[in-house]
Ligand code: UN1
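One chain is shown next in C-alpha cells, namely the form predicted alone.
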Amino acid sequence: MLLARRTFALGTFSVTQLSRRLSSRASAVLGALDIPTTLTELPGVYDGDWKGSGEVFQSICPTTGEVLANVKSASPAELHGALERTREAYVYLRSVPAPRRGEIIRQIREALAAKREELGALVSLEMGKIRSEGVGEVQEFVDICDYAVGLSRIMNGRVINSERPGHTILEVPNPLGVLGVLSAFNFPVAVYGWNLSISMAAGNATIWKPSPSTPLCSIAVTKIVSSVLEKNGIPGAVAGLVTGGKDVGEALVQSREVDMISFTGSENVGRVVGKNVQSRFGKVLLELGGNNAAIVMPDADLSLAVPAVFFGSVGTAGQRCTSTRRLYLHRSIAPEFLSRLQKLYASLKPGDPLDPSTLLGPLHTPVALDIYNGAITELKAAGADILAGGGRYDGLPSPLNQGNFVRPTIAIPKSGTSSALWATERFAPVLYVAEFDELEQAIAWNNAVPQGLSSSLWTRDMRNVGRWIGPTGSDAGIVNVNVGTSGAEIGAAFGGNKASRPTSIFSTGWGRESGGDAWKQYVRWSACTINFSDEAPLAQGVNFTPS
C-alpha cells in the first residue's frame, strides 16, 4: 500500500517519494544509475531543467510485473516550452564548428561507455531483453558516437563543374533545425543514439519522445548526455526529453517547430505520422514493419544457419524489427534443419534477463501477450502443424510467474505462402516455415509480403549470391548472405524498402538511419553557383541583352 508522500531534491531531480520500496533486484539496477530506489514520481521532461506535471506513467518490469517508478510526463505547457528551448538550442548549436560538435559527441561516447554495463542492465530490467542484448544495445550507441565523431570532420558537399567560364557550383550541407525522435520500446536506447549522434554532428537540436513503457531508460540516458552538455556549456535542450503518451507524440508530429520527425514503430501509427508530417511539408524518416525471411539452400552450412535462425527468431523474444518471422527451407534439407532447430527450441528455459545464463526473457507488455495469443489461435484455427511452443509457460517460480513469458513457436501453416497469414507481421516469437524447390520460388515468396526490412540467404554457391543481391533478388533494405536477418552493425545505413500495395495497408517506410549516407537526411542542401569572373553569362546559352 502506498502511504506517505514527500518531495525532495536529488541532484538536479525533484522527486516525490512514496513509502513502498523496490525489490533488491530492481534497486541494484536503478541505484547504479542514481535513479531513486524507493517508489517515486520522477520528472520526465528535460529541456535544460528537469520537470514534469502531466499524466503519470508507470514503468513496469515485464519479468516480474513489479512497478519500477511513476514518471510525470509533459503537460501541454511544458511541451510548448521544451519546443521553444529546443529551437533556441539549435540556433546556438548550428554555429558551433562541426569538429567541436564532434568533440562533444566523443565525450558523450565516453560517458556512455563508462555506464555500459549499468545501462545494459536497465534495458534488461525495463524492456525485458537479456543482459547480453541490453549491454549490446548500449554498445551500439557507443559505436554510432564513434562514427559521428569522424563524420563531424567529413560531412562534405560536392564541387560540380559549371558550363559557364569563371563559375563553379557547390552542393553545401548545412544544419537542418530541430529533429523529433519518437522511439519504440524494443530498442529504448540504441534508436535514439542513432538519431542523436548523427543529428548533433550535423548541427541540429533533438527532442526525444520515447515509448511510454520505457521512460527510465530515456531518463538515464538523458542524465548522462546532459551532464556532458552542461560541462561544456552547451544548452541542455540540444538533447531534450519529453515523456508522455499519444497526445505528446501527436503534438510533436504536428508542430511546425520540428523540422524532421524520425519515427520507429508500428506500420499503422507510422502511416498517421507520415501523413501528418507531410501535410505540413516537414521531413520524415519512418522505420516500420519487418516480417523478415531466411532462405536456406541445400548447399548451406547448417552448423551456421541453424543457430542464426534460432537467434533471429528467439532473440529479444521475437521483438526485434529484424526478427526472423518466415523460414523457407529447400525441401531436401528441411527435415534435418527442423530437427536441429527443434532441439535448440527445446533447450530454452525462461529466466530473469539479468541472469547472464538466460536466453529467453519475457514479452514486453500484456498487449504483446495478446498479439502472441492471437497468432497462436489463428494458426491452430487454420490447422497449422505446431512443431514447438504454442502457448505460455506454466508453473514458473515466483516472481517469474508474474512475467510475460511465452513459448517461442515454430509452425508450418497449411495456407499458401501468399495468404494474409504470411503477409502480416506478428511482433512475437512465432516462426512460420515453408518448403521450396527452386531459389526463384523462395525469392518470390520473400518479396511477396508488403514489408521489406531484412532478409537472409544461406548458400555457398556464388551464382545464388549473385541472384539474391541483384535486381531480381531480395527487395528488402537489408540483404544478407550467410548472416541472419537480425543484428545489424552501425556502419551501413539501417532501414527497409517498400510502400504499401493495393492489396495491403502495410509498409516498411523507406527509412534510413545510422551509418552509410543516412546523415544526408539530417541536413538541408543548397546548390551554390559562384561567379568569380568579370562576366555574367546565363546558363544554356540564353541571351537576354536588350538590343
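Residues carry their position along the shown sequence, with the first being 1. Keep in mind that what you see is a predicted model, and the values were worked out from it rather than measured.
The same protein has a further form, the form predicted together with the ligand, not shown here; the description that follows concerns it.
- Taking non-hydrogen atoms only, Trp50 never approaches the ligand to within 4.5 angstroms in the predicted complex.
- At a distance threshold of 4.5 angstroms between non-hydrogen atoms, Gly487 is in contact with the ligand in the predicted complex.
- Residue contact check for Asn446: none of its heavy atoms lie within 4.5 Å of the ligand in the predicted complex.
- Among heavy atoms of Phe57, none comes within 4.5 Å of the ligand in the predicted complex.
- In the predicted complex, every residue of the candidate spot (Phe187, Val191 and Arg320) has a heavy atom lying within 4.5 Å of the ligand.
- The stretch in contact with the ligand in the predicted complex, judged by heavy atoms within 4.5 Å, is 479-487, chosen from 61-69, 25-33, 515-523, 479-487.
- Contact with the ligand in the predicted complex, judged by any heavy atom within 4.5 Å, is made by just one of Glu103, Glu435, Glu140, Asp475: Glu140.
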